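Before any questions on binding or motion, here is one chain by itself as structure tokens, the form predicted on its own.
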């Protein structure tokens, strides 16, 4: 045994455990408004934060100490003050930041709660229904993906599709399938008031929440939500169909592709947004794929296996498997229109 390698690995695991132990600490900081209180406030003492956030000073001291030990806050030992640096604020305290990751800490909690459901499925090979999983899953999934949609969807993803943005400006008919809480649908409806958007999801509670979001954002004139499956949602002669981070969760992605093809106009477009991944495991051994494989094991694969066909593509399917599923639906042209470190944006045309 190489003791140097052993100590290196122990150090790695200690770092992982530190991250795991930090999940409730970060969520408390978010839920109690501690990051919000620190954001832009400059250096604060324990007493100052406790007073500003309305929390007990003893808990404030322990929480701040943990955050400093984690590198989430800067600590000045001479003054005894804590400060949220601008860079950390982008990740922890700015909801519209492109690198806001509070939703990921919520998803980590969901995966812990899902363990009791998924662990038995390892032996049986059966799935776990989306609606049967942790009840925090639906809101946290939307919260996790929303910053990426808010910062990329209308700015770069839609413009990367051939002629789609112009159609939306003039007025187009759009189905957003697997819309969840409707963030993607609402962002598009807000940007393109002349177009008509319908969000579909098979989870009724999510559809109800999406409709409430549409009312809150004032887009009900050109945006509505309905319960429907990806393989039988209504509609025809659509200019655009969108699937945001959901094709790999579906039991029958090839069947969904066939239905999309039937509902599109001859010159219509299908936009598929999927987690970024290479086709080979050895090319996915990186921090982003590490997160996606965990989410895939605890959420995505069980969800797909619970449905008819149960293709279980997983959250790291890669362009090869995704293109195969899309082409099987009758799409002649499939290309990666653009990408981010977290997502592929795929354009499919008949």
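Numbering follows the first chain given and starts at 1. Here the structure is a predicted model, which is why all the values come from computation and not from measurement.
If you look for the form predicted together with a small molecule, you will not find it shown, but the lines that follow are about it.
The stretch that touches the small molecule in the predicted complex, counting heavy atoms within 4.5 Å, is 140 to 148, out of 188 to 196, 140 to 148, 209 to 217, 98 to 106.
Every residue of the trio 180, 203 and 249 has some heavy atom no more than 4.5 Å from the small molecule in the predicted complex. Taking 270, 244, 225, 82 one by one, only a single residue has any non-hydrogen atom within 4.5 Å of the small molecule in the predicted complex, and it is 244. Taking a 4.5 Å heavy atom cutoff to the small molecule in the predicted complex, the contact residue among 158, 73, 175, 230 is 230.
Residue 289 falls outside the set of residues with a heavy atom inside 4.5 Å of the small molecule in the predicted complex. Contact check for residue 307: a heavy atom falls within 4.5 Å of the small molecule in the predicted complex.
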